[in-house]
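The chain below stands alone, shown as C-alpha cells; this is the form predicted alone.
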C-alpha cells in the first residue's frame, strides 16, 4: 500500500520539484529486485570492539586520517564540548549512572565468563539434541530411500519372476502329459502282453492235446504180438551192440 502511494506521489511530482525526483528514486529502490533478495543470516559472534562498547571499525575508519590517538581525541573533544556548552550537565543522576555502570562492568568482568560458559553449554546441548534428531531423521529417510529402491528393484524384477513361474507351469504340464503318456503306454503293453500270453496258452494247449491224442492212438494201435516182437528185436539189437563193444575193447 505504501509503495503504491509512493509511486502515485512520485508520478504526480516528478516533473514539479526535486522532491519528486527523490521519491522516484525511493520508489525504484523499494521495488528493485535487490530489495526482494533474502536477508543474510546473522553472525554467531559479534565483531571486535574496544573497551567493550566501541566498534573496531570506527578506529579503522579514523586511523588513516588521525592515527592511533585520533578516536580517543575525538571522544575527549566531544565530551569536553558537551560539558563546556552545558549540553550535558553533571548532577546526581550522573553519579548514579556511573555507579550503575561500575556495577555492570564489574558484574560482566566477574561473572561474564561463567554465565557465557553456562549459556554456551546450554546452547551446545540444544545443538547436540538438534543434531541427534537430525541424524535420526536423516537415517530414517535414508533407510526409507533404500527400502524404496529395493521395492523398485523388486517391481522391475517381477517380469523375471513371472517368466520363471510360466516356465515352471509349462514344465509341470509337460511332466503331467508325459506321465499320462507313460501310463497309457504301460496299460496298452499290459493288454498286448495279455493277448500274446493268451495266444501262447492256446497254442501250447493245442499242441499238448495233439501230442496226447497221437500218443494215445499210437499206443492203442499196437497189438500184444507186435509188442512182444518189438521187445525181442530190441533185446537182439542190444546183444549185438554189446558184442561189438567187447570186440573193440579187446582190440
Partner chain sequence: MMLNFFDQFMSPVLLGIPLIALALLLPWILFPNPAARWINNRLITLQGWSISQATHQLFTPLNQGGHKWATLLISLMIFLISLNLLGLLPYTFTPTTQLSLNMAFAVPLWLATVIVGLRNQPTIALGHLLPEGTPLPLIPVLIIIETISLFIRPLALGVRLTANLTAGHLLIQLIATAVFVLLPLMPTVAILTASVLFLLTLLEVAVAMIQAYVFILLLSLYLQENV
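Remember, it's a predicted structure, so these values are computed and weren't measured experimentally. Positions refer to the first chain, counted from 1.
Although it is not shown, the form predicted in complex with the partner chain is what the next lines describe.
**Q** Counting only non-hydrogen atoms, which stretch in 69-77, 121-129, 162-170, 141-149 is within 4.5 Å of the partner chain in the predicted complex?
**A** Stretch 121-129 is the one.
**Q** Please tell me which of 90, 137, 155, 181 lies within 4.5 Å of the partner chain in the predicted complex, judged by heavy atoms.
**A** Only one option qualifies, and that one is 90.
**Q** Which of these residues, 115, 83, 133, 108, gets a heavy atom within 4.5 Å of the partner chain in the predicted complex?
**A** Partner contact (heavy atom, 4.5 Å) among the options: 115.
**Q** Within 4.5 Å, heavy atoms only: does residue 219 come near the partner chain in the predicted complex?
**A** Residue 219 lies outside the contact set for the partner chain.
**Q** Does residue 96 make contact with the partner chain in the predicted complex, using a 4.5 Å heavy atom cut-off?
**A** Taking the distances in the predicted complex, the answer for residue 96 is yes, it comes within 4.5 Å of the partner chain.
**Q** Flag residue 176 as yes or no: does it have a non-hydrogen atom within 4.5 angstroms of any non-hydrogen atom of the partner chain in the predicted complex?
**A** Contact check for residue 176: no, nothing within 4.5 Å of the partner chain in the predicted complex.
**Q** For residue 39, is any heavy atom within 4.5 Å of the partner chain in the predicted complex, or not?
**A** Heavy-atom contact with the partner chain at 4.5 Å: present for residue 39.
**Q** Need the contact residues for 96-113: heavy atom within 4.5 Å of the partner chain in the predicted complex, sequence order, or none if there are none.
**A** Read in sequence order, the residues that approach the partner chain (within 4.5 Å, in the predicted complex) are 96, 97, 99, 100, 102, 103, 104.
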